[in-house]
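Listed next as structure tokens is one chain, alone, in the form predicted on its own.
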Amino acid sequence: MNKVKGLLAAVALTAGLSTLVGCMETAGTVVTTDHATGSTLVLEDSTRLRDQVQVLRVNYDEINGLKRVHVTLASTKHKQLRVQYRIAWFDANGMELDPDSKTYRDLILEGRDAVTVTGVANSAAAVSSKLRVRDAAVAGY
């Protein structure tokens, strides 16, 4: 009987630790802009990042026949914040255009400061963009 209780306690402890380790939040803020309809959707998947970074404005235009997006991010904290961002472009079918060329870039937001990040599509077939922002510390960089 004591062996069964000990085994159950060990299983419960292992499951609890696995859950805690697996709960590290790597999600971030996602800003999706449809350049054809003009709609913008902001998803804040990280409770930690939601309290630190705010999306102030989303503008878009065209330059030399290519779509361009400008997203203004602001720090809501008084301390310096290090995040990473990536802007991906999608065609009318929702397929990402040239995903291998778009890596995350570092961005430092000073306390209570706002910064505008800009992305230009690498193809005239692009109709929508998606900005992903993640916490650099959680991402491990």
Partner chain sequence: MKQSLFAMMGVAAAAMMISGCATTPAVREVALDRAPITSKIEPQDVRRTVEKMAESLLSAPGVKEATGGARPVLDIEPLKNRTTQHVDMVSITDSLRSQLLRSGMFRFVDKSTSGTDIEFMDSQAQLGLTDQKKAIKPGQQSAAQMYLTGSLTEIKNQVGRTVDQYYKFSMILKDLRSGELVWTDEREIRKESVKPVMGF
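Residue numbers count along the first chain shown, from 1. Just so it is clear, the model here is predicted, and its values are computed rather than measured.
From this point on, the text means the form predicted in complex with its partner chain, which you will not see here.
Distance criterion of 4.5 Å from any heavy atom to its partner chain in the model of the complex singles out Asp106 from the list Asp106, Glu96, Asp51, Asp113. Taken together, the three residues Asn64, Gln84 and Lys102 all come within 4.5 Å of its partner chain in the model of the complex, as judged by their closest heavy atom. Stretch 56-64 is the contacting one of 27-35, 72-80, 56-64, 40-48, since its residues have non-hydrogen atoms within 4.5 Å of its partner chain in the model of the complex. Looking at Val127, you'd find every heavy atom of it more than 4.5 angstroms from its partner chain in the model of the complex.
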